[in-house]
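Here we start with a single chain on its own, the form predicted on its own, put down as structure tokens.
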């Protein structure tokens, strides 16, 4: 955001109704807590409590141990284990042990994953349901930790959000997705940079042999290793020079499949990217990407659980700790001397992260903007030119936002907006006041596109309305105009008028319109009548509903709390949100 040196701007009259905001999360002003339910998964038409997974897993593990021990008594199996002991003899061993760069990256990966997982859980809690279809029609979810959507009342996506504990989520308060996303994306950037460095160092040294299969025999050896683990008669540990085949395959999947899958499916949830890449964005739609992203999370969680468990079960723990944390292959306590303080540091950061975020929310927002704002700005240049068909229109489109509550708006609704006037002013050559009828005389544009809510849900609708470029041509912004402010008839949840700001260049896009129709009829009051913005490379909160006025400005630092919109001011969202 540029702060230009000039006299204070004279803004549209609605600017006086904007409110400032605190730089902290004020819990007394925040959305009250709402507990979710124990996670459930749907199989067919029935929902199952996931706590059943614990006794089922225990029974399966006991059965696996019994079966494995019985199999190992069979002569043919014993002979097979001799032929496939767990690691192919043809695979070259690593002679450099665990060098410092590998140990440092192992620790950084642990640290970054801790905060990626925490913030990811917080993000999921804002729409605690997962789907495989493109839309988010209630009853089509396959996973949830929230009750069924109630009927007979308006239930917004914000109503659906739940609280997760502060020790688990980040920052651990309900509907704090703005702050959670800054943590998630910023740490993900560090994790990705660390991963790229890891790939480069891995393949420039012999360390890649630990993780990359070079012979088909690895699969039979992996089966042999699994049988040995399951029988509780563990194979010898040669990890200083060579992982066994099961370890190799699991590490390979984690490093070369699960990690890239997490990054790719995270990016595919972006409106700018998904709406640009054509059939790929339609096949791997946002909800499929969310579900795959979630399954990748579970892979990492199970990997961590199995990894830590086997470290402490398959031999002297200090030997394993020595190798990865101290870089020595002996039975001393040098690994503990490194491991204990570093894990204590991770635990301390984990403990302080939530209270720090609540107390210094604006700092977290600004730090996130500094780290990844340039990536978001770059993504805005991806032209969202992908449209869908009428067969793709969602049977249900989640409502969201605080509807207008004023006598002025009620009067407009009562007359079906006959007296509505859209005021367009600011740094323009021709100020306008346009009725809905006059707006309808401008050439209408229709488009079928996907709405991407920051909370995670999506929906497809057919929108009809006035292209913003037609409004721009009509009012002719001056050379100083760089941003467009949209003022709503509605107030925000914390008081003060709702507004949002867009770059003027983004408003010229061919799919940016002022919509007065939805799915062939007038936009309903619930979804933004009489007029709402559609800007298909941004997240949904920036598409202001119930538009009262539009103002062209040179800067927005003196509007509200100066962050570029109501949610940016009060809920610490980002001004540029194409991802």
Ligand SMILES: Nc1nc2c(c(=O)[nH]1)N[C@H]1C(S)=C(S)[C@@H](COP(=O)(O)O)O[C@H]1N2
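Positions refer to the first chain, counted from 1. Values in this document were obtained by computation on a predicted structure and should not be read as measured data.
Omitted here: the form predicted together with this ligand. The next part is about that form.
What stretch, of 240-248, 410-418, 490-498, 98-106, brings heavy atoms to within 4.5 Å of this ligand in the model of the complex? Of the stretches listed, the one contacting the partner is 490-498.
Quick one: is residue 526 in contact with this ligand in the model of the complex, heavy atoms, 4.5 Å cut-off? Residue 526 belongs to the contact set for this ligand.
Examine residue 401 and determine whether its closest non-hydrogen atom to this ligand in the model of the complex is within 4.5 angstroms. Yes, residue 401 sits close enough to this ligand in the model of the complex that at least one of its heavy atoms falls within 4.5 Å.
Within a 4.5 Å heavy atom cut-off, is residue 535 in contact with this ligand in the model of the complex? No.
Might residue 451 be said to contact this ligand in the model of the complex, defining contact as any heavy atom within 4.5 Å? Yes, residue 451 is a contact residue.
Position in contact with this ligand when the complex is considered in the model of the complex, options 185, 397, 131, 229, heavy atoms within 4.5 Å: Spelling it out, the residue with a heavy atom inside the cut-off is 397.
By the heavy atom within 4.5 Å rule, which residue out of 549, 553, 543, 511 makes contact with this ligand in the model of the complex? Of the candidates 549, 553, 543, 511, 543 is the one lying within 4.5 Å of this ligand in the model of the complex.
Which residues within 454-470 place at least one heavy atom within 4.5 Å of this ligand in the model of the complex? Only 457 sits within 4.5 Å of the partner.
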